[in-house]
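Taking the form predicted on its own, here's one chain by itself in structure tokens.
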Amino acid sequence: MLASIVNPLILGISIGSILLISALGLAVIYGAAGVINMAHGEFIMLGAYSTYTLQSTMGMPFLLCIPCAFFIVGIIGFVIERNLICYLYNRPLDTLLATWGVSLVLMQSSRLIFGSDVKYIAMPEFLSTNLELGILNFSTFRLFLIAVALILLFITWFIFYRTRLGIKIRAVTQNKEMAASFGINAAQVYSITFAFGAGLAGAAGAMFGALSIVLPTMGMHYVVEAFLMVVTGGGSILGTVFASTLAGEIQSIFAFIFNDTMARGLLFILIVVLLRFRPQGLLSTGSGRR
């Protein structure tokens, strides 16, 4: 009886952590810069391919590949922002179309470089086992995903609320003109924020590639769920955390009662119904962007 209750709850937290990891970088970019980044899924894909390349060419351990994927994709995101996105702020439709074009370019480039065949990321032995606590049985990798989600969330919180950079980001987000009057370079803040959000997507890709397979089209699966979590949460980081956790638990409960396919369908229906009656999301910031 205990196992039938606890196991779905733990599974729900792990599903929520996957949703959070995939959506956190998108929430950072949208929340700070107001950019609807359609290339977010391809940043996740680049993180997976970065990990695969580091392992296959340098034999780098998986745990070390995660921060490396963060920095590699973060640098790519910085270059894209400096050469394209920076000219499109305050033009939402143009930004959406431009990032969609970037996603297509990144996807086709990965296909040309790595091919269309499936690639695999090697995991450490201890992450491929199950942890048994009495009658309870947990996947070690699922627990690892939960731990990484908490670490990434803490790092994001620390940067936003305990550093000078975080003060600048929040100032620019609240009122760009007033922040500029205090000598804050909004363009620089946007570049760093976009790079950080892209880096988070890269770290997510390293883990998702180990969780399943690596393909040029793998980002398309995660970007839809990431957008749903950000929109459902109201566009803020806290809202995204809340929406991801709640969605993970709901999907786990529905999967326990029905099956995984029906659980995902029912979850999406609930999200559509929620947004119909509360379009501002679960946790609205209550203030408009300046």
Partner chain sequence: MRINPYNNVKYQWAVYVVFFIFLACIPTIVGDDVFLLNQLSTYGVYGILALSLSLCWGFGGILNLGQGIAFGLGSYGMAMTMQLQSQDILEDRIPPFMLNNAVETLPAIWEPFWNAGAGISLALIVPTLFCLIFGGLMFWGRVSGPFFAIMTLAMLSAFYTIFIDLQYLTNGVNGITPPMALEVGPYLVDPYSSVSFWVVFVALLLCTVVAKLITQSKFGLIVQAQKNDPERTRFLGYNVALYETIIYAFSGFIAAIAGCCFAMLTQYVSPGQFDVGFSISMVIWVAIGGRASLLWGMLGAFMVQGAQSYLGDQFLSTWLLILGFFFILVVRFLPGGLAGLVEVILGYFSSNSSGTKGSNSEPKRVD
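Positions refer to the first chain, counted from 1. Not measured: the values here are computed from a predicted model.
Form predicted together with its partner chain: not shown, discussed below.
In plain terms, the part of the chain that comes close to its partner chain in the predicted complex, with a heavy atom within 4.5 Å, is 96 to 104 out of 67 to 75, 147 to 155, 96 to 104, 193 to 201. Think of it this way: in the predicted complex, its partner chain has a heavy atom of just one of 238, 54, 38, 246 within 4.5 Å, and the residue is 38.
Contact check for residue 49: no non-hydrogen atom falls within 4.5 Å of its partner chain in the predicted complex. Though the partner is left out of this view, residue 159 does not reach within 4.5 Å of its partner chain in the predicted complex, counting heavy atoms only.
Contact check for residue 231: a heavy atom falls within 4.5 Å of its partner chain in the predicted complex. At least one heavy atom of residue 84 is located within 4.5 Å of its partner chain in the predicted complex. Applying a 4.5 Å heavy atom cutoff to its partner chain in the predicted complex picks out 220, 224, 227, 228, 231 from 207 to 232, in order along the sequence.
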